[in-house]
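Just one chain follows, in the form predicted on its own, and it is written as C-alpha coordinates.
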(Lines give C-alpha, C1' and ligand atoms only; values in the text may rest on other atoms or scores of the structure.)
Protein backbone atom coordinates (compact mmCIF):
# COMPACT_ATOMS: atom_id res chain seq x y z
CA UNK A 1 0.00 0.00 0.00
CA UNK A 2 2.87 2.35 0.85
CA UNK A 3 4.44 1.80 -2.58
CA UNK A 4 1.11 2.36 -4.32
CA UNK A 5 0.29 5.61 -2.49
CA UNK A 6 3.83 6.97 -2.86
CA UNK A 7 3.78 6.03 -6.55
CA UNK A 8 0.41 7.67 -7.15
CA UNK A 9 1.59 10.89 -5.45
CA UNK A 10 4.74 10.85 -7.60
CA UNK A 11 2.61 10.13 -10.67
CA UNK A 12 0.45 13.16 -9.95
CA UNK A 13 3.59 15.29 -10.03
CA UNK A 14 4.62 13.74 -13.33
CA UNK A 15 1.16 14.44 -14.76
CA UNK A 16 1.59 18.14 -14.01
CA UNK A 17 4.93 18.12 -15.83
CA UNK A 18 3.69 16.24 -18.90
CA UNK A 19 0.27 17.82 -19.50
CA UNK A 20 1.77 21.04 -20.82
CA UNK A 21 4.06 19.29 -23.29
CA UNK A 22 1.19 17.09 -24.47
CA UNK A 23 -0.92 20.14 -25.29
CA UNK A 24 1.96 21.81 -27.13
CA UNK A 25 2.93 18.76 -29.15
CA UNK A 26 -0.52 17.30 -29.62
CA UNK A 27 -2.22 20.47 -30.86
CA UNK A 28 0.49 22.87 -32.03
CA UNK A 29 2.74 20.08 -33.38
CA UNK A 30 5.69 21.67 -31.54
CA UNK A 31 7.97 19.28 -29.68
CA UNK A 32 9.09 21.87 -27.15
CA UNK A 33 12.47 20.87 -25.70
CA UNK A 34 12.41 24.04 -23.59
CA UNK A 35 9.37 22.77 -21.68
CA UNK A 36 11.46 21.86 -18.62
CA UNK A 37 12.98 25.34 -18.48
CA UNK A 38 9.45 26.84 -18.31
CA UNK A 39 8.82 24.57 -15.33
CA UNK A 40 11.99 25.84 -13.62
CA UNK A 41 10.90 29.45 -14.29
CA UNK A 42 7.62 28.72 -12.50
CA UNK A 43 9.57 27.21 -9.62
CA UNK A 44 11.89 30.24 -9.47
CA UNK A 45 8.86 32.55 -9.30
CA UNK A 46 7.35 30.59 -6.40
CA UNK A 47 10.71 30.46 -4.60
CA UNK A 48 11.31 34.21 -5.01
CA UNK A 49 7.85 35.30 -3.89
CA UNK A 50 7.94 32.94 -0.91
CA UNK A 51 11.42 33.93 0.31
CA UNK A 52 10.95 37.66 -0.31
CA UNK A 53 7.31 38.20 0.59
CA UNK A 54 6.21 34.93 2.25
CA UNK A 55 3.63 34.49 -0.52
CA UNK A 56 2.17 30.99 -0.55
CA UNK A 57 3.11 28.96 -3.67
CA UNK A 58 -0.57 28.02 -3.91
CA UNK A 59 -1.35 31.72 -4.46
CA UNK A 60 1.68 32.27 -6.68
CA UNK A 61 0.20 29.96 -9.32
CA UNK A 62 -2.54 32.55 -9.98
CA UNK A 63 0.21 35.01 -10.96
CA UNK A 64 2.45 32.49 -12.71
CA UNK A 65 -0.28 31.05 -14.94
CA UNK A 66 -1.27 34.24 -16.85
CA UNK A 67 2.34 35.48 -17.12
CA UNK A 68 3.50 32.12 -18.47
CA UNK A 69 0.54 32.07 -20.87
CA UNK A 70 1.55 35.45 -22.33
CA UNK A 71 5.24 34.52 -22.49
CA UNK A 72 4.54 31.26 -24.33
CA UNK A 73 2.09 32.96 -26.68
CA UNK A 74 4.82 35.43 -27.61
CA UNK A 75 7.36 32.62 -28.08
CA UNK A 76 4.95 30.85 -30.43
CA UNK A 77 4.03 33.94 -32.41
CA UNK A 78 7.58 35.32 -32.75
CA UNK A 79 9.76 32.18 -32.97
CA UNK A 80 7.62 29.20 -33.87
CA UNK A 81 4.87 30.53 -36.11
CA UNK A 82 7.37 31.32 -38.91
CA UNK A 83 8.53 27.69 -38.75
CA UNK A 84 4.92 26.51 -39.11
CA UNK A 85 4.35 28.80 -42.10
CA UNK A 86 7.40 27.64 -44.02
CA UNK A 87 7.17 23.91 -43.20
CA UNK A 88 6.18 21.83 -46.23
CA UNK A 89 5.15 18.84 -44.12
CA UNK A 90 4.85 17.72 -40.51
CA UNK A 91 8.27 16.07 -40.50
CA UNK A 92 10.00 19.29 -41.52
CA UNK A 93 8.11 21.23 -38.86
CA UNK A 94 9.07 18.76 -36.13
CA UNK A 95 12.78 18.88 -37.04
CA UNK A 96 12.80 22.69 -37.14
CA UNK A 97 10.82 22.93 -33.90
CA UNK A 98 13.13 20.50 -32.08
CA UNK A 99 16.25 22.39 -33.16
CA UNK A 100 14.75 25.80 -32.36
CA UNK A 101 13.41 24.88 -28.93
CA UNK A 102 16.67 23.05 -28.15
CA UNK A 103 18.47 26.34 -28.69
CA UNK A 104 15.77 28.20 -26.77
CA UNK A 105 16.32 25.94 -23.76
CA UNK A 106 19.99 27.03 -23.58
CA UNK A 107 18.97 30.69 -23.88
CA UNK A 108 16.50 30.29 -21.02
CA UNK A 109 19.05 28.48 -18.84
CA UNK A 110 21.58 31.25 -19.48
CA UNK A 111 19.08 33.95 -18.56
CA UNK A 112 18.11 32.13 -15.35
CA UNK A 113 21.77 31.68 -14.34
CA UNK A 114 22.38 35.38 -15.06
CA UNK A 115 19.32 36.43 -13.04
CA UNK A 116 19.38 33.95 -10.13
CA UNK A 117 22.83 32.35 -10.18
CA UNK A 118 23.73 28.69 -10.62
CA UNK A 119 23.11 27.51 -7.07
CA UNK A 120 20.45 25.04 -6.01
CA UNK A 121 17.37 26.59 -4.41
CA UNK A 122 14.68 25.22 -2.11
CA UNK A 123 12.45 26.40 0.70
CA UNK A 124 10.33 24.87 3.43
CA UNK A 125 6.59 24.93 2.82
CA UNK A 126 4.15 22.49 4.48
CA UNK A 127 7.18 20.31 5.22
CA UNK A 128 5.54 18.21 7.89
CA UNK A 129 4.16 14.66 7.89
CA UNK A 130 0.55 13.71 7.36
CA UNK A 131 -0.85 10.23 8.01
CA UNK A 132 -2.62 8.52 5.09
CA UNK A 133 -3.88 4.94 5.60
CA UNK A 134 -1.54 4.48 8.56
CA UNK A 135 1.65 5.71 6.88
CA UNK A 136 3.29 9.15 7.00
CA UNK A 137 3.79 11.25 3.86
CA UNK A 138 5.01 14.78 3.28
CA UNK A 139 2.08 17.22 3.41
CA UNK A 140 3.61 19.32 0.61
CA UNK A 141 3.71 16.24 -1.67
CA UNK A 142 0.09 15.39 -0.86
CA UNK A 143 -0.97 18.97 -1.56
CA UNK A 144 0.94 18.87 -4.86
CA UNK A 145 -0.92 15.70 -5.79
CA UNK A 146 -4.28 17.29 -4.96
CA UNK A 147 -3.36 20.32 -7.11
CA UNK A 148 -2.39 17.98 -9.95
CA UNK A 149 -5.68 16.07 -9.65
CA UNK A 150 -7.73 19.28 -9.70
CA UNK A 151 -5.79 20.67 -12.66
CA UNK A 152 -6.04 17.41 -14.64
CA UNK A 153 -9.77 17.13 -13.98
CA UNK A 154 -10.40 20.76 -14.94
CA UNK A 155 -8.37 20.43 -18.13
CA UNK A 156 -10.08 17.16 -19.06
CA UNK A 157 -13.56 18.63 -18.53
CA UNK A 158 -12.68 21.81 -20.42
CA UNK A 159 -11.36 19.86 -23.41
CA UNK A 160 -14.40 17.55 -23.50
CA UNK A 161 -17.27 19.87 -22.58
CA UNK A 162 -16.48 23.40 -23.73
CA UNK A 163 -16.73 24.54 -27.35
CA UNK A 164 -13.15 25.88 -27.32
CA UNK A 165 -11.88 22.63 -25.83
CA UNK A 166 -13.59 20.54 -28.50
CA UNK A 167 -12.15 22.81 -31.20
CA UNK A 168 -8.66 22.23 -29.79
CA UNK A 169 -9.28 18.48 -29.81
CA UNK A 170 -10.38 18.71 -33.42
CA UNK A 171 -7.12 20.48 -34.32
CA UNK A 172 -5.18 17.79 -32.44
CA UNK A 173 -6.88 15.02 -34.42
CA UNK A 174 -6.74 16.63 -37.89
CA UNK A 175 -5.74 20.26 -38.53
CA UNK A 176 -6.76 19.95 -42.19
CA UNK A 177 -10.30 18.78 -41.44
CA UNK A 178 -10.63 21.29 -38.57
CA UNK A 179 -9.86 24.08 -41.03
CA UNK A 180 -12.64 22.83 -43.32
CA UNK A 181 -15.30 23.35 -40.63
CA UNK A 182 -14.23 26.93 -39.96
CA UNK A 183 -11.85 26.47 -37.04
CA UNK A 184 -9.03 29.02 -36.92
CA UNK A 185 -6.16 26.53 -36.65
CA UNK A 186 -3.27 29.05 -36.31
CA UNK A 187 -5.09 30.94 -33.56
CA UNK A 188 -5.96 27.80 -31.60
CA UNK A 189 -2.45 26.39 -32.04
CA UNK A 190 -1.00 29.54 -30.47
CA UNK A 191 -3.50 29.32 -27.61
CA UNK A 192 -2.78 25.63 -27.03
CA UNK A 193 0.98 26.28 -26.94
CA UNK A 194 0.46 29.15 -24.49
CA UNK A 195 -1.88 27.07 -22.32
CA UNK A 196 0.60 24.19 -22.28
CA UNK A 197 3.36 26.54 -21.12
CA UNK A 198 1.10 27.95 -18.39
CA UNK A 199 0.25 24.45 -17.12
CA UNK A 200 3.95 23.54 -17.04
CA UNK A 201 4.88 26.73 -15.15
CA UNK A 202 2.12 26.07 -12.59
CA UNK A 203 3.51 22.57 -12.18
CA UNK A 204 6.93 24.08 -11.47
CA UNK A 205 5.50 26.38 -8.80
CA UNK A 206 3.78 23.42 -7.12
CA UNK A 207 6.69 20.96 -7.15
CA UNK A 208 9.09 23.65 -5.91
CA UNK A 209 7.49 23.12 -2.48
CA UNK A 210 9.30 19.79 -2.07
CA UNK A 211 12.03 19.53 -4.75
CA UNK A 212 15.45 21.14 -4.82
CA UNK A 213 16.10 22.66 -8.23
CA UNK A 214 18.61 24.75 -10.12
CA UNK A 215 18.61 26.55 -13.46
CA UNK A 216 19.91 23.54 -15.37
CA UNK A 217 17.50 20.85 -14.13
CA UNK A 218 14.87 21.59 -16.76
CA UNK A 219 16.22 19.03 -19.24
CA UNK A 220 15.50 16.22 -16.76
CA UNK A 221 11.84 17.24 -16.58
CA UNK A 222 11.62 17.59 -20.35
CA UNK A 223 12.82 14.00 -20.79
CA UNK A 224 10.37 12.69 -18.20
CA UNK A 225 7.53 14.61 -19.83
CA UNK A 226 8.53 13.26 -23.25
CA UNK A 227 8.43 9.67 -21.98
CA UNK A 228 4.97 10.19 -20.48
CA UNK A 229 3.58 11.89 -23.59
CA UNK A 230 4.75 9.06 -25.85
CA UNK A 231 3.46 6.42 -23.42
CA UNK A 232 0.08 8.07 -23.01
CA UNK A 233 -0.45 9.01 -26.63
CA UNK A 234 0.08 12.39 -28.25
CA UNK A 235 -2.81 14.77 -27.56
CA UNK A 236 -4.56 12.40 -25.14
CA UNK A 237 -5.03 13.87 -21.65
CA UNK A 238 -6.40 10.58 -20.27
CA UNK A 239 -3.40 8.71 -21.57
CA UNK A 240 -1.00 11.29 -20.13
CA UNK A 241 -2.53 11.00 -16.66
CA UNK A 242 -2.50 7.18 -16.78
CA UNK A 243 1.08 7.09 -18.11
CA UNK A 244 2.21 9.47 -15.36
CA UNK A 245 0.63 7.25 -12.69
CA UNK A 246 2.11 4.08 -14.21
CA UNK A 247 5.55 5.67 -14.35
CA UNK A 248 5.25 6.96 -10.78
CA UNK A 249 4.20 3.60 -9.36
CA UNK A 250 6.78 1.74 -11.46
CA UNK A 251 9.66 3.97 -10.33
CA UNK A 252 8.54 3.76 -6.69
CA UNK A 253 8.34 -0.04 -6.88
CA UNK A 254 11.85 -0.31 -8.32
CA UNK A 255 13.25 2.19 -5.79
CA UNK A 256 11.61 0.39 -2.84
CA UNK A 257 12.06 -3.24 -3.82
CA UNK A 258 15.21 -3.35 -6.00
CA UNK A 259 17.50 -0.28 -5.91
CA UNK A 260 16.79 3.49 -5.93
CA UNK A 261 19.60 3.91 -8.45
CA UNK A 262 17.63 1.95 -11.03
CA UNK A 263 14.57 4.22 -11.22
CA UNK A 264 15.78 5.92 -14.39
CA UNK A 265 16.51 2.51 -15.91
CA UNK A 266 12.96 1.40 -15.07
CA UNK A 267 11.50 4.54 -16.64
CA UNK A 268 13.32 4.08 -19.94
CA UNK A 269 12.70 0.30 -19.97
CA UNK A 270 8.98 0.99 -19.60
CA UNK A 271 9.24 3.59 -22.34
CA UNK A 272 10.89 1.09 -24.72
CA UNK A 273 8.27 -1.57 -23.97
CA UNK A 274 5.46 0.87 -24.77
CA UNK A 275 7.16 1.89 -28.02
CA UNK A 276 7.54 -1.76 -29.01
CA UNK A 277 4.09 -3.06 -28.10
CA UNK A 278 1.80 -0.03 -27.78
CA UNK A 279 3.29 2.81 -29.87
CA UNK A 280 -0.10 4.50 -30.29
CA UNK A 281 -0.36 5.05 -26.51
CA UNK A 282 -2.66 3.52 -23.89
CA UNK A 283 -5.94 4.66 -25.44
CA UNK A 284 -4.87 5.10 -29.05
CA UNK A 285 -6.06 2.92 -31.91
CA UNK A 286 -3.77 1.00 -34.19
CA UNK A 287 -3.50 2.60 -37.63
CA UNK A 288 -5.43 0.76 -40.30
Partner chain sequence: MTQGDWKNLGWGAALLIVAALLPLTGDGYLISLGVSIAMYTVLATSWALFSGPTHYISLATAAFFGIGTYVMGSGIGYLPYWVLLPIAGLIGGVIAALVGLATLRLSGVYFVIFTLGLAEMTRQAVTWYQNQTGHKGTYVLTDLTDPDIYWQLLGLAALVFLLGWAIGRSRLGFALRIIGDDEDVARHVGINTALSKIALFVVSGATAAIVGAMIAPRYIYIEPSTAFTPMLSFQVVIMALLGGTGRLWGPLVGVIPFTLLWEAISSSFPNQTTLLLGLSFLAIVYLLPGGFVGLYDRLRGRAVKRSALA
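Positions refer to the first chain, counted from 1. In this text, all values refer to a predicted model and were calculated from it rather than measured experimentally.
Separately, the form predicted in complex with its partner chain exists; it is not shown, and the next lines address it.
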item: Stretch from 179-187, 82-90, 138-146, 164-172 whose residues place a heavy atom within 4.5 Å of its partner chain in the predicted bound form; value: 82-90
item: Among the candidates 49, 65, 262, 58, the residue which, in the predicted bound form, approaches its partner chain to within 4.5 Å (heavy atoms); value: 262
item: Interface residue in the predicted bound form among 242, 45, 226, 249, criterion: non-hydrogen atom within 4.5 angstroms of its partner chain; value: 226
item: Contact flag, residue 120 vs its partner chain in the predicted bound form, heavy atom cut 4.5 Å; value: no
item: Residue 14 within 4.5 Å of its partner chain in the predicted bound form, heavy atoms; value: no
item: Contact label in the predicted bound form: residue 151 to its partner chain, heavy atom within 4.5 Å; value: no
item: Proximity of residue 258 to its partner chain in the predicted bound form, heavy atoms at 4.5 Å; value: yes
